[in-house]
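Here we start with a single chain on its own, the form predicted on its own, put down as structure tokens.
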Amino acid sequence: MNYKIIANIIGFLIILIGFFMLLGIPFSVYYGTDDIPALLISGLSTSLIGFIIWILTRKSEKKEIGKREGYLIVTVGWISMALFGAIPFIVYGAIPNYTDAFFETMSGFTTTGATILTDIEVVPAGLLFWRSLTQWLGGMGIIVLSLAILPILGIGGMQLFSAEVPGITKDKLHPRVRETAKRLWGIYVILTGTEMILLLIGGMNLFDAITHSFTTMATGGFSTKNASTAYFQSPFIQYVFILFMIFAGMNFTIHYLAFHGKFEFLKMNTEFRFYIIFIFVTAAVIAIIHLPHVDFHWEESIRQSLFHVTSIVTTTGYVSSDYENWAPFSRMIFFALLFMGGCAGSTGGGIKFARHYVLIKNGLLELKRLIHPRAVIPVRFNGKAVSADIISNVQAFFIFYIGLTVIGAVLLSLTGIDFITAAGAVATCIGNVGPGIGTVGPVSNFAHLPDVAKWILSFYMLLGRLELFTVLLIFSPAFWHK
């Protein structure tokens, strides 16, 4: 294990985190808030620590990054980002408890959107910008950003790319992983900017437009308002959110091909069709179910259903009304949606539609194989046969995902939390969604949970964002053997 190159890259990541903290200062100046010293102290001290680590480890005998180094860099790097990213909240005093500050920051970087803040609107603008920025950085991935701007990561960079980018396969938009990283971040920036302009047209101020564009495209869900996006009652703004949540939950390869005029790829993409049909059919079903139970006009009923289905399926976690008060069957559907996730290669969390499709298709074909045991009936995805290795990986992922969710719910129950809340909290954190059910529902938060529960849920957020195996490998004895 090349610990020097691991420490060197993590040092660089910490430098970046410190630099990004300083970007909230212009908003502090504009709004006249008193968080400038906290951002300055936090940003400069964090960058200094990162620089010291980087400078002390810059001369490594071996520059290559192997698989084990890649997994360790990504896991330790993300933990380091949350550890240091919490500092501004502590220094200013907005979140004086370090457990709460770490939980909030891990929720940000992993784009979960679960919060412990009971009054978001009293937090100064600079810190709110940093809070939203953590989600935007975590959405596409800080490692992917580093790959795009740091030449040294091109050596073995594919190991880092594979460990951080979600999905059952890693789509490369260019033979060189650094160029792929640049293209992914380029698309991400363009879509974020486009949404920001549309929100400005819809009547949002610049600060809210920027921060909500960050958290929409990251499928993060942090808002600058206590009422989340329910604060903005404009149907136009809500439809903009719906559209860009759908965009964020799509495989970014589709965006890349669409930007180049290759729309025929949409017809061939099995996951995309499954994703779009599922969202609209589920939204229609919920609208029909809950319409007699609420005072919504039919258009608002459809809009609210589509908004919340899209929000949960893409793991964004925005809230425009309290779906806990809808029909009981609707709430059951929303709980099930916590296990869906966006598309592979998107900024969404969860199990992902590609895995669901492969599992369902393989299960149905297994019935045919039982009837015709000698027949070769492959699972096809995007018109191609899926290899046995990928099917095995998907099945293992699903077993681990459900098993860890059950274990997490039991652990949280042992801390005194009721089982419905425990199950909802674990499901929403491992799925990187945000709002759950029970006392962590859409109009509640996680502030009342015991500290030990917050540390457990922080670990589950990291597990979900890095797709289980990247983190679980670190705990495997085989990982440390030569």
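All values reported here derive from a predicted model rather than from experimental measurement. Numbering starts at 1 and follows the sequence shown.
The following text describes the form predicted in complex with a further copy of the same chain, which does not appear among the structures shown.
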| property | result |
| --- | --- |
| Single option in A227, L364, V281, I288 placed near a further copy of the same chain in the predicted complex, where near means a heavy atom within 4.5 Å | L364 |
| Listed residue that, although a further copy of the same chain is not shown, lies within 4.5 Å of it in the predicted complex (heavy atoms), from V29, L414, L56, L44 | L414 |
| Candidate stretches 197-205, 230-238, 404-412, 108-116 - the one whose heavy atoms come within 4.5 Å of a further copy of the same chain in the predicted complex | 404-412 |
| 4.5 Å heavy atom contact, Q395 and a further copy of the same chain in the predicted complex | yes |
| Contact test in the predicted complex: L16 vs a further copy of the same chain, heavy atoms, 4.5 Å | no |
| Contact flag, A385 vs a further copy of the same chain in the predicted complex, heavy atom cut 4.5 Å | no |
| Proximity of A447 to a further copy of the same chain in the predicted complex, heavy atoms at 4.5 Å | no |
| Contacts with a further copy of the same chain in the predicted complex, stretch 214-243 (heavy atom within 4.5 Å) | none |
